[in-house]
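Presented as structure tokens, the chain that follows is alone, the form predicted on its own.
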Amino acid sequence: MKLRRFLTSLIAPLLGVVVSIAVTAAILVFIHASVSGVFSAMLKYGTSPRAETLILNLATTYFLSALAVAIGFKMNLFNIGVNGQYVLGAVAAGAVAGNLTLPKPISLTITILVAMIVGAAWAGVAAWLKVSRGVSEVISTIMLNFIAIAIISFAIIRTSVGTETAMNIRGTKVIPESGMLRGSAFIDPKTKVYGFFFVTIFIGLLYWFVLNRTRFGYDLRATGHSASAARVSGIEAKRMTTITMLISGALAGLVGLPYLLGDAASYNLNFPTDWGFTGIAIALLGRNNPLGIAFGALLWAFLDVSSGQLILEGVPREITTIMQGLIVFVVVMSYEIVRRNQIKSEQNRVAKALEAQAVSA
């Protein structure tokens, strides 16, 4: 049974990749582009040392974003507000870190905690609305995304949080080197892998351990499968909803830190604000499993980074967006077909067992 589940979880992503490649190839033929030339150019550049470094850096961000979404999915909570939570966490972390002159370990600890607390607090608003007023977390978190962007724009433009940075772009004060986590250039001598890459590995392992080896993880998964059954067994659904949303928000608060502490050194109005929605797609692709999410993040980052080569081939880089969408669509559809077949098979097995029992009686 375990082998069958493993093969099923492996076949679905592979099928998604194959279908996306086939459809993309058909589109390339339709627009009179060289199929072999496009794919070989993407593969050649995507496996170069500089591109591999960029892929790891981007995958680090995507992985954190997907984990923040995935822990909510485990309990049938749709935290669509990762965008708002991570930008607020990033701007708060940037504002605090820019004013710290402490030793690196202390400065980094404070910065990370600030980002997590702010992200959790913003997700906590949606959690409170859900458990106290019954407001759907989908609606509240989407609205909170827009509110977060407005708050940040006001704070940076109209308050002392923002200062003039390079090229007349307002942002938080530049973070001193004692507060940065730049990483090392162990793949490409000219490009560094974010230091947060290694922190993310630890977070992924911790996520797996908590969900699969602790009572809290069992309660969370049980509530996600059936809130009524979990309530009968003594699990308080509202409490689990609140805690899960807070953890999801805390993870979301970390999403902007790899880029902030590894490269940007300041939060400005050009800071990327769409990584949260990418995390939703990758969480679905990886079935909320940290290992599956890691592979999904790497695949997504590979397509994003290598898409730059499409312009040199005279092909719109939006082709990779089509590939990404097809992969998620096919994978999710495959998982749903398998799930329904498993339910039908289990129902048939139970029916046959009951029939055999009735005959023997």
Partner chain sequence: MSAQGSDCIKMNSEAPAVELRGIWKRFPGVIANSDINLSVTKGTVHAIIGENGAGKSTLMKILYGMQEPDEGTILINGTELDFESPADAIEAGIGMVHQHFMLADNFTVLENIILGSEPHNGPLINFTAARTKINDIAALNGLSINADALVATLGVGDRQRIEILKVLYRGAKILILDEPTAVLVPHEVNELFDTLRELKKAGNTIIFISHKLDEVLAIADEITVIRRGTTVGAVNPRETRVSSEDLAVMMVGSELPTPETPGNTIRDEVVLDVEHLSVISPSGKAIVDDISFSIRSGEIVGIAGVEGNGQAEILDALMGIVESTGTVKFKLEDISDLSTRKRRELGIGFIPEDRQRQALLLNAPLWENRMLGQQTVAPNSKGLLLTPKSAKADTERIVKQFDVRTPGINVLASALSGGNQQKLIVGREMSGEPKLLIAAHPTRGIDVGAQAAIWDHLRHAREAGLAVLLISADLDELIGMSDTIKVLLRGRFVADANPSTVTPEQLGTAMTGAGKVSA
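Here, rigid core means the biggest group of C-alpha atoms that superpose within 1.5 Å across both forms. Here the structure is a predicted model, which means the values were calculated and not measured. Numbering follows the first chain given and starts at 1.
Heads up, the form predicted together with the partner chain isn't pictured, but that's what we're talking about next.
Of the residues given (S184, T109, T101, S228), S228 alone sits with a heavy atom within 4.5 Å of the partner chain in the predicted complex. Distance criterion of 4.5 Å from any heavy atom to the partner chain in the predicted complex singles out I235 from the list I201, I243, I117, I235.
Although the partner is absent here, L354 sits close enough that one of its heavy atoms falls within 4.5 Å of the partner chain in the predicted complex. Though the partner is left out of this view, K74 does not reach within 4.5 Å of the partner chain in the predicted complex, counting heavy atoms only. At the 4.5 Å threshold, heavy atoms of R215 reach the partner chain in the predicted complex. Among heavy atoms of L10, none comes within 4.5 Å of the partner chain in the predicted complex. Note on the interface: of 217 to 225, 249 to 257, 84 to 92, 184 to 192, the segment with non-hydrogen atoms within 4.5 angstroms of the partner chain in the predicted complex is 217 to 225. Put the two forms on the same core and the Cα of A351 is off by 2 Å or more between this form and the one not shown.
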